[in-house]
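The chain below stands alone, shown as structure tokens; this is the form predicted alone.
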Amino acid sequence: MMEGLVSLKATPKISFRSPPSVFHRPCLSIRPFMNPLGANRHSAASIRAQQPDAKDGSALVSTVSVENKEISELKVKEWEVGMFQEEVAASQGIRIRRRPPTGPPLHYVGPFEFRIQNEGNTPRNILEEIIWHKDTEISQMKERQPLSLLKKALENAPPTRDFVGALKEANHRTGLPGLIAEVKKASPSRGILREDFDPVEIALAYENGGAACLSVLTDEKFFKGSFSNLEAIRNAGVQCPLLCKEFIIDAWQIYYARIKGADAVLLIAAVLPDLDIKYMTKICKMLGLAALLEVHDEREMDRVLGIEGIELIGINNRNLETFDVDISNTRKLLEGARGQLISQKGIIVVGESGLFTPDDIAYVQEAGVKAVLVGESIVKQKDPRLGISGLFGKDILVSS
């Protein structure tokens, strides 16, 4: 499964470019020939003052060159900050790197610069590939729509609905885990799940089938989703609260999800350090959004349980690095002291991935979940309403 994606490696290559405007500091263990960031740093004005009068525009060229140098230095500084963030993440057991560790700094040799292309700047698994792509994607989106514009758009955003309350009500009414039904066209591991994909039609069928909430995939490259789908479902009059299922690495995405109609967002512990989670959950509360914190192993669970104010924890039975699925993972993470602490804090646990039958639902419910997030097993059904009743072994619109 996912052959060629789970463990990606590239044959070492060397790519040559023209001389750089600034000698970038080589990364990691390679020592620099010189450090431009601490030497000969003059302002554009002081450089201009030293230039002789020239009618051919050479002084202007020098000014532009200095400004380009300052931009290049800023990019290197941004990279250095990113590397520090990676160190913090690694100390918390986070293996997913936020960006390629080998660039932008380039090695300088004579009139050329080059970057060695090897396993250092090749994603090691599918989740890392998704995150690296997301980092580039969000940078471009932020340029088109700065945060200041998103904050202004909040004035016209629809009011949020009670995502957590909807799950509690469904669990109390039916005696079964509240269903978060997922509107998903494709996944990296399964490919296209449904060819005749109409997000609004599927969302309405889920709602009519008894779903308490909906999850809408918004990642385009790997899951064939979009924020347009989220917005269309909200504008179609669907009453179920909506979870924006996105790979969030920047607070900007939370604001964007809010103005597109989300009532909740997903935060993945395998990607986000503790400080990011604390910061982002505070933003969610400020915007009236619920935050579903997703974990996969004991260390991630312990990290999340150590953060105050968490209301929803999703246990993903799928390892996002290998895409292997094991629903016993839910029971393992809810045994003993962890389960007791979750109960004391009143946290709702959501079972995720690998749930296809009434026996699967009963298994995770017995382990302690109060809600389940299900996509593949119901979205592939010709009539998603029948898929829901088949999943639970009964019509969940009717109280038990």
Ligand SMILES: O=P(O)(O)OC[C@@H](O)[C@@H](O)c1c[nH]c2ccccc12
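Every value quoted in this text rests on a predicted model; they were computed, and no experiment measured them. In this text, residue numbers run from 1 along the sequence as written.
Although not depicted, the form predicted together with the named molecule is the subject of the following passage.
Scanning 124, 318, 133, 161 against the named molecule in the model of the complex with a 4.5 Å heavy atom cut-off leaves one residue, 318. With the partner omitted here, the residue from 280, 313, 89, 266 that has a non-hydrogen atom within 4.5 angstroms of the named molecule in the model of the complex is 266. Contact annotation: residue 383 falls outside 4.5 Å of the named molecule in the model of the complex, judged by heavy atom distances. Using a 4.5 angstroms limit between non-hydrogen atoms, residue 373 touches the named molecule in the model of the complex. Taking non-hydrogen atoms only, residue 294 approaches the named molecule to within 4.5 angstroms in the model of the complex. Although the partner is absent here, residue 258 lies well away from the named molecule in the model of the complex, with no heavy atom inside 4.5 Å. Contact here is defined as any heavy atom lying within 4.5 Å of the named molecule in the model of the complex, and by that definition each of 182, 223 and 354 is a contact residue. Screening 245-253, 224-232, 200-208, 89-97 for residues having heavy atoms within 4.5 Å of the named molecule in the model of the complex returns a single hit, 245-253.
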